[in-house]
Structure formats: C-alpha cells, structure tokens
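For reference, the chain that follows is the form predicted on its own, supplied as structure tokens.
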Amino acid sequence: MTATSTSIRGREIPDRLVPGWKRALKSWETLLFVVAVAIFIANSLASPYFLDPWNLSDASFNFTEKAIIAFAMAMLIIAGEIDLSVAAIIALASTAMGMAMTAGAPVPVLVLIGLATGLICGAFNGFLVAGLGLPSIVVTIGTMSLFRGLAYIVLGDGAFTGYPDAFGWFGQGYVWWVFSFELVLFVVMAIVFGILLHATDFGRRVYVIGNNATAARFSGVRVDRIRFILFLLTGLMSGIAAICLTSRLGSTRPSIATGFELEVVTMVVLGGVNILGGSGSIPGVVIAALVMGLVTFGLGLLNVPGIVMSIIIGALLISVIALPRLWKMART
C-alpha cells in the first residue's frame, strides 16, 4: 500500500534514502489512522451515546474476535497463502465444546477442547497445502464446507446451551473497569504477533517467502515448514476466537460466525497487507480492526440494518484491493 520511491524535482528517490519521518507520514498506516480519527469524530457527533465509556467498551466486541484471527491471517497472506475456513473452524470448535459441555466437562477442559480443535483443523489445512502442495484457496474453500458441515451434522437445527457461568467470563468478563478480557487479549495478541512478524527471523522469512518462495527455498528457508506453522497459528487463533464468541453468546449453533472469513480478510487487506503476499504490517491490521469496529458500531447506533453493513464491508474489501491498481494506472 506504500510507494516504493519519492519524486524530488523529477527524480525518483528510493524510499531507503527518504528520512524515516517522511516515510511514516506517507505510509498507509498513517492514512488509516487519520480515517479512524475521522470516523471516531463523526460517530461522536452522530450519536450522543457514542462517547460513553461502557458503549465504547461494547464497541470492542465488534472486532476483537475477528482481529485475533486477522493477526495470524495477516502473516499467512504475507507468506502468499490464505485460509478461508476460519469461520468454519470456529463453528466446529464451538460444536466440540458444546458436546463436551453436555457430557459434564469442566471449564478448563472446554477451553482445551476449543484450542485443540483449532490446532487440528489448522494442521489439516497445513498438511494439505504445505505437505501435499495443494493451492490454499482451493483447500480452504473445501475445508470450509467440511468443517461447517460437520457442525451441522452434529447439531442440525438445534443448539447447545447452558454453558457454565465461569465459562461466560471469556466473552463477557472484564479485567478492570471497562476493559474486557477480549479487549485485553486483543492488545496482548497484537504485541505478540507484532514482535513475531517484525522482530524475529521467523517473521523475516515470512516476508521472503511471500516475495519469492522459490528463491527462499534455494536460500535455505524451510518454506513448507513455515507455511505449516502459519496454518497452525491461524487454526489456533480461530480456536481462541471460538472460545470467546461461544462464551459471549452463551450458546452454540452450526451457523455461528457465518461470514467471519470475509470480515477477517477485509480487515487484513484494509490494514495494508498485499493480498498477493510479500508486504504488510501488524500495526496496520490493528488500526484496520479499530476502523471496522468503529464503522460497525457507529452504524449500529444509527440503527442501520445488518445487511447494509455486509454490503459496506464487501464494498470496502473491493475498494482496498482495487485502489492501488487504479492509482498505479492513473500514474502511468
């Protein structure tokens, strides 16, 4: 989403020679932050209830569960892959927790089952893509139907309800004042993935793979192993999201989290991650999550129907993918 050079007096100056503060001002993250501030101001003017601390806290529930997945999805897309089965993993993990709950399993076991289901689904996707060399978009479209279908086989038109009160804390509890557990978890995960992607050898290899997987392989990078780990991480984050979402709703239905995959991908691409791989940042995804959360919450305060919100999200995804191409065409 950022330019690779700056024009000074008709000459193209490489970005590495441009002062850091100028690059920061021109970055996609800076533009996105300005948009977030503008939306925040517009929401505060549109509704007198928006600035209430508890309402702002409730607004975080519009994006935290999706953002937790988006951090892992961002790394996966930077590496040139994608996982469209994340919402279906949530459904299957929630169903597995529901089955364990009806069998009398305690809360720690429910959490472990949610995490394990996410890891198993991620490992299955990773094996098909990294192990067998199948294209990730085709694989995860298939597993999206598979995982969701298993949830429907178990539940049909029914639902699991009656989760223990202690389990409800993960999706409804507060750590301190207006700061919910989900919001704190979002901040912690943002820091963890930010360090993982931007301050470790693993993160640098993810960028290398996304830019040129063949060259990375010849350079000694274990491409397939890293891809498998990224699918594991995405599955694990989907399992965590399943725990939070199931806890917040207090029930499990096979249709749970329907459409989450679209919103997660939109969040990642809006955050400046190149859908073709090779570039992007976690701070951008964090700001994009806040933008989408503010938009959704603001529209909700104005009683905008959910179907209109879906249209807006779809249009947003198309726009952020098309704008760089249109900008490039306009400059040539």
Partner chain sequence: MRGILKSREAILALAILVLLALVAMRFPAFILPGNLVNVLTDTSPLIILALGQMVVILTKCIDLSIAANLALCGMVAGLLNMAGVPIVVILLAVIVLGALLGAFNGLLVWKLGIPSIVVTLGTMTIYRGIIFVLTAGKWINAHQMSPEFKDFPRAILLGLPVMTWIMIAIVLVFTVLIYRTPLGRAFFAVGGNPHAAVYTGISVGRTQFAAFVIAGTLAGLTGYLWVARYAVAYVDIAGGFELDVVAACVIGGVAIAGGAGSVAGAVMGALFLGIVKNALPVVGISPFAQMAISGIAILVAIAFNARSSRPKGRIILKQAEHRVVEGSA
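Positions refer to the first chain, counted from 1. A quick note: this is a predicted structure, and the numbers were derived from the prediction, not measured.
In what follows, reference is made to the form predicted in complex with the partner chain, a form of this protein that is not presented.
Original post:
Among M292, V269, I68, V286, which has any heavy atom within 4.5 Å of the partner chain in the predicted bound form?
Top reply: So the residue touching the partner chain in the predicted bound form, by this definition, is V269.
Subject >> Heavy atom within 4.5 Å of the partner chain in the predicted bound form - the one residue of A105, A123, L150, I191 that qualifies >> reply: Result of the distance check: L150.
Subject >> 4.5 Å heavy atom contact, P305 to the partner chain in the predicted bound form >> reply: Result yes; P305 sits at the interface with the partner chain in the predicted bound form.
**OP:** Please check if D165 has a heavy atom lying within 4.5 Å of any heavy atom of the partner chain in the predicted bound form.
**Re:** No - in the predicted bound form, heavy atoms of D165 and the partner chain never come within 4.5 Å of each other.
Original post:
Within a 4.5 Å heavy atom cut-off, is I282 in contact with the partner chain in the predicted bound form?
Top reply: Looking in the predicted bound form, residue contacts with the partner chain do not include I282, since no heavy atom lies within 4.5 Å.
Original post:
I82: heavy atom within 4.5 Å of the partner chain in the predicted bound form?
Top reply: Yes.
Original post:
Which single stretch, out of 94-102, 179-187, 126-134, 233-241, brings residue heavy atoms within 4.5 Å of the partner chain in the predicted bound form?
Top reply: Looking at the partner contacts, the answer comes out as 126-134.
**OP:** Output the sequence-ordered list of residues from 301-317 with at least one heavy atom within 4.5 Å of the partner chain in the predicted bound form.
**Re:** Those in contact are P305, I307, V308, S310, I311, G314, A315, L317.
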